[in-house]
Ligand SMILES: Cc1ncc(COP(=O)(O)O)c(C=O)c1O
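Next up: just one chain, as structure tokens, the form predicted on its own.
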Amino acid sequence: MTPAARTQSLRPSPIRALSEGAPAGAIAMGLGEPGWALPEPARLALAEHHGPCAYGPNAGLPELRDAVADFHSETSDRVMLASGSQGALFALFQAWLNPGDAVLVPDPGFLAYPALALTASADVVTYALASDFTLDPEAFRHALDHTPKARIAVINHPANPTGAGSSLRALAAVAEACEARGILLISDEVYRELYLGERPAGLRDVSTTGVVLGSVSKAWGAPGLRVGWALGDPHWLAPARLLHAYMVTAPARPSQLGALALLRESSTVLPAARAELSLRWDVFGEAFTAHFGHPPEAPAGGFYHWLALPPTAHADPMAFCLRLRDEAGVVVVPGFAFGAAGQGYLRLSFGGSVADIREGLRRLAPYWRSA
């Protein structure tokens, strides 16, 4: 397949398709966005910006790179700023993939991973997760061993869509396997700072290799700023940084100023975000238990619940989700959007308002009880 044909094969995600056709008054439990207000440090930084709105350096504002480096105990030469973590991922794929190379992605996994691999004319190879959807190093190594053209592998923890995490043992084994093969390991950790109990494990807890993705979109509560970063060896980052500069010149200066303010106030912004998450989880758990008859399992991080479909919905999950949208007035995401292993599930987001969480679960429950 030619690069043009691969790109033409891309389609809008089911997430957007379901959201854009929603009736008036529908509750959005599909999109993964923090439902709390933009933290005050960012609001003040945006309001206080005066004078010209200049481009700024291609590599981003030096003070923001330093702030990201300080937060992650890295050096600034190991930081690449980008227009969201997805901008960093796109640039890394474009920089390091040739036509016919392969990218390993989790199944189920964030739907952008295979789409971005296709834009680089690479082949997508999925690897299985454990039965609880955590990272399974044996399944990962099996996929790696049977993919001779693998060039990049992506892991995601805490995961979108399942909320599952990874053990230190699994991360160490995956990092070792990729390093031995010369594979670029990309660890997507954008939800790592947004958790309910203990801080989830990260790649840097076990290895200095690979590239770690982060952003202000989740725990810092600012997805609309579109500021993210990649952390790793400058060898991996340098060509991606150059490509990113040709893509967008640089992340928007006002957004970078807002992100800088958030990073500098992480000691107050992050605990406040976790408190917001905890509030929503308590409400979600109470309403879920009341309507579904059992408590939900807490995610390792983030604000997603991976809900098994009723048996009658397995034959046509999309039709079931459309019914939930149009009859119940709740927008959810079918699990198959995230890979074949998600066929029997749907993703619920409890990141929205407390009122919407309660009402959304009340509306959904009858469709499980009647199955």
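Counting begins at 1, following the sequence as shown. Source: prediction; values computed, not measured.
The same protein has a further form, the form predicted together with this ligand, not shown here; the description that follows concerns it.
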Against this ligand in the model of the complex, would residue 285 count as a contact residue? Criterion: heavy atoms within 4.5 Å.
no
So in the model of the complex, is this ligand close enough to residue 78 to count as touching (4.5 Å, heavy atoms)?
no
4.5 Å heavy atom contact, residue 86 and this ligand in the model of the complex:
yes
This ligand contact at residue 195 in the model of the complex, heavy atom, 4.5 Å
no
Within 4.5 Å, heavy atoms only, one stretch in 91-99, 231-239, 214-222, 244-252 touches this ligand in the model of the complex. Which?
214-222
Report the residue, out of 190, 261, 135, 175, that has at least one non-hydrogen atom within 4.5 angstroms of this ligand in the model of the complex.
190
This ligand in the model of the complex has a heavy atom of only one listed residue within 4.5 Å, and of 181, 226, 274, 141 that residue is 226
Those residues of 97-129 with a non-hydrogen atom no more than 4.5 Å from this ligand in the model of the complex are 110, 113
